[in-house]
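Next comes just one chain, in structure tokens: the form predicted alone.
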Amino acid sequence: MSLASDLLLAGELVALPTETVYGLAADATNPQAIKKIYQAKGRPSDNPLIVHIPHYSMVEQFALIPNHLDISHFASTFWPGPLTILLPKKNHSLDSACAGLQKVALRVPDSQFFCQVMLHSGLALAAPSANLSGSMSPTSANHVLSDMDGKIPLIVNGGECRVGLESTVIDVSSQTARILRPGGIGLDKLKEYFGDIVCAFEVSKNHAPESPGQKYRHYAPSLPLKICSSEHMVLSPDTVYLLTAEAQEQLQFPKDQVILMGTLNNLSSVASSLFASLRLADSMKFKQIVCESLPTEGIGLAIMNRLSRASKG
């Protein structure tokens, strides 16, 4: 913790585990440190970063809280956890992390170590996923190492990430909440709290993204990725298949061409293994990856969002 804090205070980058994916952390108020994040990832300069804070009481330090939002009640419901909120930016200290936008994305992560580092250093941390831009997000320290070896001074190994998908991003700056990226908190839980919600997962090529995961091809392996329902799958010798246990039981494809990624009865198991499964498939000697299409209820919406973006050319 001391080493991570010292490096962050010195303007360096540190890869830290969270409950979602590993984050590439830097002092959110240090423009030079933020610049290093964009350089290490090869990230487009108009793609904003999420700012992590250790406690909801810090929200008003960086953002303007609208009258309709009871931040303490919101925090007691969703934080710490995989939910990021967008609010009007309060000052210029986060301009670099916000890619020049007028809103800031804030989250309290459900990771004791990450929060302890923030408390120890006294810093709010900008932390996108600790991978090369566009590639599969890292859910283990080894995944980070494969993308960031030689680019950053420290990777903290916190084991496998529990959620395995990035946080849900929701704009709560107006009365009607807008989901900009589905993630670890499902749409059903958000509707229970916010009521009517607008889904705004896409942004046109001519506009800057409001949130990570909106505009660019993301989460993608180097091999072509196709999404297909299990009932329409046909075995091909040049293909590796990502399947649920139920689909494999039905299809009986050769085991050396199948990566099991959880069960339909527990889509959270699929979410937590998705990026690891894609990375494994990408390392195998096949010409393409075919992934089973999944229901979009609960966290299934976020899973299919990631697969859809990964499969875009």
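Residues carry their position along the shown sequence, with the first being 1. Note that the coordinates shown come from a computational prediction; the quantities given were computed from them, not determined experimentally.
Beyond the structure shown, there is the form predicted in complex with a small molecule, which is absent from this document and is the topic of what follows.
The shortest heavy atom separation between Arg107 and the small molecule in the model of the complex is within 4.5 Å.
Using a 4.5 angstroms threshold between heavy atoms, Asn47 counts as touching the small molecule in the model of the complex. Using a 4.5 Å cutoff between non-hydrogen atoms, Ala15 does not count as a contact of the small molecule in the model of the complex. The small molecule is not shown here, and in the model of the complex it never comes within 4.5 Å of any heavy atom of Lys151. Taking a 4.5 Å heavy atom cutoff to the small molecule in the model of the complex, the contact residue among Leu101, Ile71, Val172, Cys115 is Leu101.
Only one of 240-248, 261-269, 39-47, 58-66 lies within 4.5 Å of the small molecule in the model of the complex by heavy atoms, and it is 39-47.
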